[in-house]
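Shown here is one chain on its own, the form predicted on its own, set out as structure tokens.
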């Protein structure tokens, strides 16, 4: 029986594991065509390869990024794995260069998988006094001539803004590709592909979804060969996002710019407020003039905002006092600001940095705030009341 066409304005959820191909000729043609790894196939074969609901969600991200293609995966880490694996060529693989100020999970992946399991030639570039020395960077790239350079537009958790324009120019000069994790900035603040970056990665779990109820990752680009290689890798290792999560992500993306612009605005106000509190030793936020990379952030983001993340450190005469103030703050705000080790949620959430990353960020009083899009006056009142409680002892 022929089904009626449903007059829905939304792409339905195609939960099919496999798709009907009707006859041997269609089947043969579909599998031959599959070797071309097109973004959207003429005939869908199997949902691990491509799925129409996922493709539809990818197209929404393409509009945001202004890119030729986007490929969704089931997490930010699987997006990173897919993007990096495109440049693995067996014994012919050249060195890979990573900036050190990147997500701790990425560092763990580098150390546990890329170095220990795959035996890749990995190198790191470290900032100096809170920002990257581009002259030193050129010396390193000139010497290594790496396959690619991997950076974050805004680093996690110290919020160092990379001068992507100059980093990309230098990398390209020496024949290297550039991969950037743009999760914290998002395309609302900055579109690295416009600078000639080769691959942009997002943990779509964060601001694209924005509701803390799904995990997803995405890689974006303009180079067709990179896309084809990424599609092939994603297919063989099974990094495909589920159609249900793709459907929900596509609906949530519709409000992305409204949400994120409000989060950036809230974060800017809150960072200014925190910077005036005596019990807080230091606030890291690119929108503050005191931040080492404030000028770079202004240049890169064009005044639209500075992201929705704030990191701050409690003052204290010793580590015990700092930890005590940190722990008291967490308890005092816990009714409205939850300790959840992620970011991008509707409501402001926090994470104690030392408890998560220990040795790399040992400052015991440090807290990372992911600022939400709740009413700002209520947010400031909650935090102010807690800080006053700490100051009173």
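Since the structure is predicted, the reported quantities are computational estimates derived from the model, not experimental observations. Residue numbers count along the first chain shown, from 1.
Heads up, the form predicted together with a small molecule isn't pictured, but that's what we're talking about next.
K.L.:
Could you tell me which stretch in 319-327, 176-184, 272-280, 125-133 has residues with non-hydrogen atoms within 4.5 Å of the small molecule in the predicted complex?
P.N.:
Every other range fails; the passing one is 176-184.
K.L.:
Tell me, out of 292, 233, 103, 301, which residue has a non-hydrogen atom within 4.5 angstroms of the small molecule in the predicted complex.
P.N.:
Flagged contact: 103.
K.L.:
Considering 288, 253, 77, 158, which brings a non-hydrogen atom within 4.5 Å of the small molecule in the predicted complex?
P.N.:
Selected residue: 77.
K.L.:
Using a 4.5 angstroms cut-off on non-hydrogen atoms, would residue 206 count as touching the small molecule in the predicted complex?
P.N.:
The answer is yes: residue 206 has a heavy atom within 4.5 Å of the small molecule.
K.L.:
Using a 4.5 angstroms cut-off on non-hydrogen atoms, would residue 216 count as touching the small molecule in the predicted complex?
P.N.:
Residue-level check for residue 216: yes, a contact with the small molecule.
K.L.:
Contact with the small molecule in the predicted complex for residue 337, defined as at least one heavy atom pair within 4.5 Å: yes or no?
P.N.:
Judged by the heavy-atom cut-off of 4.5 Å, residue 337 is well away from the small molecule in the predicted complex.
K.L.:
Does any heavy atom of residue 152 come within 4.5 Å of a heavy atom of the small molecule in the predicted complex?
P.N.:
Output for residue 152 is yes: heavy atoms within 4.5 Å of the small molecule.
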